[in-house]
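Just one chain is shown here, as structure tokens, and it is the form predicted on its own.
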């Protein structure tokens, strides 16, 4: 009986039941712990995978940022180079603009000078284009009106005794206000005496017969024979132009010769009569070139 109880407390292998139970408990605890560790490892692995993915994403962003910054730096370098080129082009454009403005100013100046020369040529041509004394006086007035803008003037010529100068032509003023002027007295008499023109540069308005805005001497061979007195100008003219004084100089010389030639021509019966004796006068010029002889030789060569 006793041996049967002893066998009930043991496994067929002879191991007590409490040991088997402890082993099973240990195994279950061990397996449970293994499962827990495995789960922890899986969770840690999952977390590491997530962190790795995050790191990879961050690395990708960093790479993209670095590439973007490189591209930006390259772009900034390109922009800086383009900016330098733009500034160089702007500077060159400004230089070309300044040069163009200088050329334009010079062209305008040349055009103005050519226009002035044309006016001077036309003025001289008109003065010497007629031998009528009346037409010469009228041409002087036309030139004053067309090229200078004179609205009123008086032309004076001196007397043989040179004590008085008298008006011979006028426009835009009362004839009753005109009178002979004494040589050396007043602006007109002073210009006739000295031969020095008087032009008011401050104002070109408000002139009178006694106090004109400009007085121009008429001279031949450095001798004053008369004056042109400018009394008033047209309202559109605000100041003297540069060519005005040149036209005054031209009139001061060419008007005299035109008046003298027209006056002498008026006494003759045509151009051939006015030229009578010219060969003899050239031959009497004295030592030097024999102008009559030169003309004769030319005539001979022309005939041959």
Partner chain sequence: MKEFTCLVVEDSSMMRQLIIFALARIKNISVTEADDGVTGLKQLANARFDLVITDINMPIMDGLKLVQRIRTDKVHKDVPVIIITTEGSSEDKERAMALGASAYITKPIQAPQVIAKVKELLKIE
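Numbering follows the first chain given and starts at 1. Remember, predicted model here, so these are calculated numbers, not experimental data.
If you look for the form predicted in complex with the partner chain, you will not find it shown, but the lines that follow are about it.
*Asks:* For the partner chain, considered in the predicted complex: do all three of 122, 139 and 142 come within 4.5 Å of it, counting heavy atoms only?
*Replies:* Yes.
*Asks:* The partner chain isn't shown here, but in the predicted complex, which of 196 to 204, 154 to 162, 110 to 118, 216 to 224 has heavy atoms within 4.5 Å of it?
*Replies:* Contact criterion met by 110 to 118 only.
*Asks:* Please identify the residue among 84, 234, 97, 179 with any heavy atom within 4.5 Å of the partner chain in the predicted complex.
*Replies:* Selected option: 234.
*Asks:* Is there a non-hydrogen atom of residue 170 within 4.5 angstroms of a non-hydrogen atom of the partner chain in the predicted complex?
*Replies:* Judged by the heavy-atom cut-off of 4.5 Å, residue 170 is well away from the partner chain in the predicted complex.
*Asks:* Look up in the predicted complex whether residue 146 has a non-hydrogen atom within 4.5 angstroms of the partner chain, and give yes or no.
*Replies:* Heavy-atom contact with the partner chain at 4.5 Å: present for residue 146.
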